[in-house]
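Coming up are structure 1 and structure 2: the same protein chain in two forms, each one given alone as structure tokens.
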Structure 1
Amino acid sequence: MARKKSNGDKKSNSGAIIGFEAKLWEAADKLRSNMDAAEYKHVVLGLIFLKYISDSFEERYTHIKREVSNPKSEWYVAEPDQQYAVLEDPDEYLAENVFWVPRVSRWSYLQAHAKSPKIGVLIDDAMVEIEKCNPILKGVLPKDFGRASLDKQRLGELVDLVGGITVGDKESRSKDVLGRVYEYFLSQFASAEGKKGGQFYTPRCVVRILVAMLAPYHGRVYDPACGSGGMFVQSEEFVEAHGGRKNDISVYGQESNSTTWRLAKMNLAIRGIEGNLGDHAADSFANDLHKDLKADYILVNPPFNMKDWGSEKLRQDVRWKYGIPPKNNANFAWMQHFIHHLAPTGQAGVVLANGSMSSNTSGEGDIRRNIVEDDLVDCMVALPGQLFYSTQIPACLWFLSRDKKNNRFRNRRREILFIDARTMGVMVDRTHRELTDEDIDRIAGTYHAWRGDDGAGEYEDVPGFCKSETLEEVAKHGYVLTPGRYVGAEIVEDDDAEPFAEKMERLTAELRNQILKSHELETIIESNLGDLNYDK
């Protein structure tokens, strides 16, 4: 499912890299000068989005123009004003899922004014006009490019830079390129913002492992803490990479932070994904925008160990089937929210803080026991540390399955697969680790073999890496789900590779030499010290 890599592409997972994104980022970062990364993010991403919808508009425009002026085409229109009318008819665009872009919002128009001091205001107007013409984008686009604090010369240079984003090869359309640039920039902003960056961006390799494990081919995909929408983008990529169509899955999401929600809306639009993220940003606990949704796949990275999640108002909620979550930690409120939204054969992949696997405080242990005893937990994966921008602590993945007897796979009731991936991954810089393609393939392949996917091969316990365990055994461990407890210690193989007899032969010869050498040295030392006259 990885995209074709170009030569010299080292970091295949940190975003869809094709080299030039990095260069582009460098250039964009230079123009940032002393602006806060969190603020600059909206400026840059807004412009990329504008360029994207303008480009797709132009592409459609050229296409229609060719058709209407070609006498052989069934769309042929003879009269020039009639041609114009067709070209300027918004429906011709919306029908093809292309946003209608009014004249003042087209990139060519803005590019022409890039050097003007009014460029900020012009961009704001462009955004307003687009929103007017496309209700689906209402309230989504950033509109404060005209503010005094934004250096207009820099902004002009940025317009030039984004305008210069060209298509690498003829096959890939500019839309795809912009989509990738958008995602790459998201990841870079997440890194630049550090701790706060984790709120809107889940590292690509973590998203990829969730997608690879669950393999969401078709059905409803739900992320109630969707951030900038990375889970959906990856799910769609997965579907397309496996010969499916975008429409095979439908996307439902929710995000509580309104600026992040806008990033997500743009991210989906730029990828041509039709998703339901609700009409506004909202908190999934207090204001569930998809109350009746039963999802086939839930992929989610909720905030870790969230403290104030508004529990007091929700004491009697229908979602708390396995116990009332503690008021100072939302981990098990999230968990039960997900379970509540799972369809009868639905599956979920959840990123949570490690504490969720073993905590026994404030009733969390009881909730976990109830969830385990209800046979919802399918697989647990312990991740290495330093994967996230927001925190250095290691996290884990929970995979839930509503129906573990589901005949798509092997009947695995009252069994849990434990995978310990703590030693996997490579450091990509001083503070960040990434899982490699091989790591992801190995983890997902192990799960698929265990659950009995077609063609996934035979599953086998591997000491130190994976273990299939019964609920009885898990109960004996007090329902602690830490994989390290179950997988045991890795067998160091090279030690055993040498047969006992040969090993002893080698070691004995070594010892014999050392003893000989030892005698030699003893003689020398004795004689040396004798020379110093201390041996009397």
Structure 2
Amino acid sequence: MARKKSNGDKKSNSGAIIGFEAKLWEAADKLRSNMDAAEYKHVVLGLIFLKYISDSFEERYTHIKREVSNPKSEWYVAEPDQQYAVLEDPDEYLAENVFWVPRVSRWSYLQAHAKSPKIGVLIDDAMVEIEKCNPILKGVLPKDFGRASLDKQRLGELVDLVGGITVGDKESRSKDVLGRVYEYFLSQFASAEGKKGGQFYTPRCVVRILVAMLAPYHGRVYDPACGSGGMFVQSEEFVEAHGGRKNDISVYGQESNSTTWRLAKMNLAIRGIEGNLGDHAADSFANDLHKDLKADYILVNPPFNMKDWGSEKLRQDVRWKYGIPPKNNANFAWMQHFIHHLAPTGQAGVVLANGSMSSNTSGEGDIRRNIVEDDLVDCMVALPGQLFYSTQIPACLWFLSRDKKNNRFRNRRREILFIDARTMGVMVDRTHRELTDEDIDRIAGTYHAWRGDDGAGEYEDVPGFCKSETLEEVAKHGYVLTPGRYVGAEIVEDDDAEPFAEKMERLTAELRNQILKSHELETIIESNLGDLNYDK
């Protein structure tokens, strides 16, 4: 399945770039004025969320109204007062998993007051009423649109702009237009915020690799550093794309940043995903909200090289089976937290800084050796640089498997697959790179062929790209897991079939011909100089 590198056309994997989102972003960004991107994010994404649930409500409202007004319908109600009572009955909406939206929270009401100087207060009131009527959203929605520092004229223009997004018709809903706009804005805000943006957003192509490699068809999916919930969104999309249903997987997450936690709750609500993110933001180390969870799949992008993670209070923690993590770097605290939560046949895909593959400081080498010797490491992937908004630190992917001989795949105990993808991807702007669909397919296909997935083809080592190695060989390298150590150099094919002697004869003749022409040019130049009285 693994094959040679291709230099052919590569399709960009920016799933967000599908149409009008870029124009919408440009228009919204013009209204930003002097507001910081981190602050503006909550204004825009809050309005997009409000528009989404209002549209869903209106669609249901229109359907009910059509039915209660139709004498041929079994829902028909003759009296106008009774029709109104049915239309304004929250149960008629909640029963169909549609958020109940009070009158003062409906988009039509807010857009009618978009030019009012009180528009900020009206939006805040709308958010409060929605939370009252839908307990699942309690404490989630932003409610500071009325603050004095927010320009109400620009806010009204933004309401008009978001109101112009067509999502109510069947076609737009089938394309998940608002969900994709939401993701596009998340990625753009991550880019605008630079380093801080990485706290809530993992680039889509990186998430897609994790999902494509692990193929989470069903079971419990867990992300203890879930950011805005991108891992869950992609997992759900994967399940549906492969003929499954959303409820084939159960979603568990945790996020320590309270504003990011709210973003995740809204992101899942827009997608119709019922996830357990706890009822508040919390640190996975100090306050594990899912202590008893054993997950079938863990997909996670924890903060790189995190310092001050509270190690002093956790020295005797049950999670440190493979060694006490250093107090000034949480990489192997995270790794052991993930392992602790893996089910007996569970698998994990983890994004970490490259240093985790080779560091020997503060006991990290010993922890890595213990994890390798316990035969938990299934595959290592070295990523190209410039994939992340938050850091220029080179990153890699760890794939862990609790049971490398389970019946779903071939027995691959005491083996590790190494993939070097550092030369893959295309630059999408001056500073950011993306992996293409072709890149993702090649990486995931190689892993599946090596693992023995049905229909994945036959695996073979490819110099410079992939190598299947034994733990004994890894031990000889001091348990360093950097793929470049194992895959070797790429074989460059020499497509020059011309025999050496013939090639030299041809090139010599060409050189002599060029020398002869140069003498002719010298003669012409001297003659011209003479005509200008500049001869010798």
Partner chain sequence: MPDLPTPQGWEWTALSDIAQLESGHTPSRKHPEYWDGDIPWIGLKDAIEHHGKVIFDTYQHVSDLGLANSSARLLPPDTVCLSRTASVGYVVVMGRSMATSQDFVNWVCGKKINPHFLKYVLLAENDALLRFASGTTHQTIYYPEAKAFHVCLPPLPQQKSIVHILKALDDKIELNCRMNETLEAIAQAIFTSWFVDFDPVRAKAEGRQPEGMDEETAALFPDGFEVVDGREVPKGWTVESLDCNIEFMNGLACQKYPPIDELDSLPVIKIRELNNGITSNTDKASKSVPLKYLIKNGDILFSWSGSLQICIWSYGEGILNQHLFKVSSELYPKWFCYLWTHHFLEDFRSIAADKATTMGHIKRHNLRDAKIIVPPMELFSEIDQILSPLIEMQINNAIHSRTLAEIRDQILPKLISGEIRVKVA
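Here the rigid core means the biggest group of C-alpha atoms that line up within 1.5 Å when the two forms are laid on top of each other. Remember, it's a predicted structure, so these values are computed and weren't measured experimentally. Numbers given to residues start at 1 and step along the sequence of structure 1.
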Two copies of the same chain, shown separately. Which of them is the form predicted on its own? 2
Once both forms sit on the same rigid core, is the C-alpha displacement of Thr470 at or above 2 Å between structures 1 and 2? no
Using a superposition on the rigid core, decide whether the Cα position of Val43 changes by 2 angstroms or more between structures 1 and 2. no
Is_shifted Ser69 between structures 1 and 2 (CA, 2 Å cut-off, rigid core): yes
What is the magnitude, in angstrom, of the C-alpha shift at Arg506 between structures 1 and 2 when the rigid core serves as the superposition reference? 6.6
So, with the core fitted, how far does Lys517 move at its Cα between structures 1 and 2, in angstrom? 10.1
